[in-house]
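So this first bit is one chain, no partners, the form predicted on its own, shown in structure tokens.
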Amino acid sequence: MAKDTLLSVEDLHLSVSHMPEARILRGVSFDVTRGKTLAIVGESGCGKSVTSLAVMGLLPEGLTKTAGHIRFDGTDLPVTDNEAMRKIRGDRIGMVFQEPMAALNPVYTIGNQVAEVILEHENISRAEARERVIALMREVGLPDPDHIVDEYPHRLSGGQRQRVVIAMALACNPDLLIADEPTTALDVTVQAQIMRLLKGAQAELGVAIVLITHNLGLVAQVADRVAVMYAGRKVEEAETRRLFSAPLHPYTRGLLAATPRPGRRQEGELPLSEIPGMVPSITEDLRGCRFAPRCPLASDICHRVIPEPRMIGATSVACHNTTETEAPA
């Protein structure tokens, strides 16, 4: 593991405990560098969110890690030991969950919920924790923090609840922040505010960010590197500018072609492209590349042999049909 690598996921496999054939993740690997942002993208059902839950040691009952390593700051994370992970979660690793209303307890005030994170990891009084919470509310841009600290989640807007969840994740100045779809269901203006907030925290605290999202426009603006996942595998990873300018995997090209772009279309050009078909079921027996049934470039080998990741230029890609000549200079 490189000296500046904070999180390293190596050959991670997840399966359903009572269904060995149901494999959720199939050898996922990536590194997260200190102070940088890695975006993980792909369609729903490709394994993005469950990867983050595996890192946090929060896998739903019935899912199990069958192989691989998750290392944080050079040490294996004790992801199967909940008590050991409680000392790490919220302290060194923070997480912004996908749906803030589900992440917040409706019967406790905002102040009590954020203070609980601080009191779990720091030896301070409740009065001191409350003052810290009010300061956090102010830092994340919530209006009238002295009042909001005593409010309940249902009394806040979606954007305000998202800011509260971010405040919880940042409460103990973590080294790593995992943000799972942090701008879902928010309007464009609030999305921009939330991302400025996260990038501001990164600039101030040096926190590394794993951003899980469908929003490729957002990725282009904020990520340093991008990992593309499909059906439980990582199919491509590259520096952001390189991936957007010269995608190598057919799936990555399909995702980018399906992304709306401002500006006038050329005559005869369709508004958007699409990837035919659907992501395969976790139990579906596909012997080769799992994208082959939807891939316009699939050949015989694609249906028989699983492509292993290989470096083409500075891009990691798992595809039989990508060649050296396609890599940018």
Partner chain sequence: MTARRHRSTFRYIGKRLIHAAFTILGIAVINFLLLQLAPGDAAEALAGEAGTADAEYMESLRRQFGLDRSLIEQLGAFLLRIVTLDFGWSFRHGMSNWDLIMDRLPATLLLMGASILLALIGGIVMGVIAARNVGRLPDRLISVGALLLYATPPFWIGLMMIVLFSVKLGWVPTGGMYDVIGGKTGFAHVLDVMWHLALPVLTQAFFYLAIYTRLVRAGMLEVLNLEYIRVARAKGISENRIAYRHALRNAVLPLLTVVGANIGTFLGGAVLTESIFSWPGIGRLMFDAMMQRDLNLLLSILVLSSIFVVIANLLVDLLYAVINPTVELK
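Numbering follows the first chain given and starts at 1. Keep in mind the model is a prediction, meaning the values are calculated, not measured.
The form predicted together with the partner chain is left out here; the points below concern that form.
In short, of 137-145, 69-77, 201-209, 85-93 it is 85-93 that has heavy atoms within 4.5 Å of the partner chain in the predicted complex.
Interface residue among M229, L170, V133, V117 relative to the partner chain in the predicted complex, by the heavy atom within 4.5 Å criterion: V117.
Scanning A129, L176, L156, L104 against the partner chain in the predicted complex with a 4.5 Å heavy atom cut-off leaves one residue, L104. Contact annotation for R225: none of its heavy atoms lies within 4.5 Å of the partner chain in the predicted complex. For E61, a non-hydrogen atom is located within 4.5 Å of the partner chain in the predicted complex, even though that partner is not displayed. With a 4.5 Å cutoff on heavy atoms, R253 does not count as touching the partner chain in the predicted complex; it lies far away.
Within 4.5 Å of some heavy atom of the partner chain in the predicted complex lies at least one heavy atom of L53. For the marked spot (E99, Y108 and N112), a heavy atom within 4.5 Å of the partner chain in the predicted complex is present in each of the three residues.
Contact annotation for 64-84: a single residue, D81, has a non-hydrogen atom within 4.5 angstroms of the partner chain in the predicted complex. Figure legend: C-alpha atoms of D81 and D180, shown here, are separated by at least 3 angstroms less in the predicted complex.
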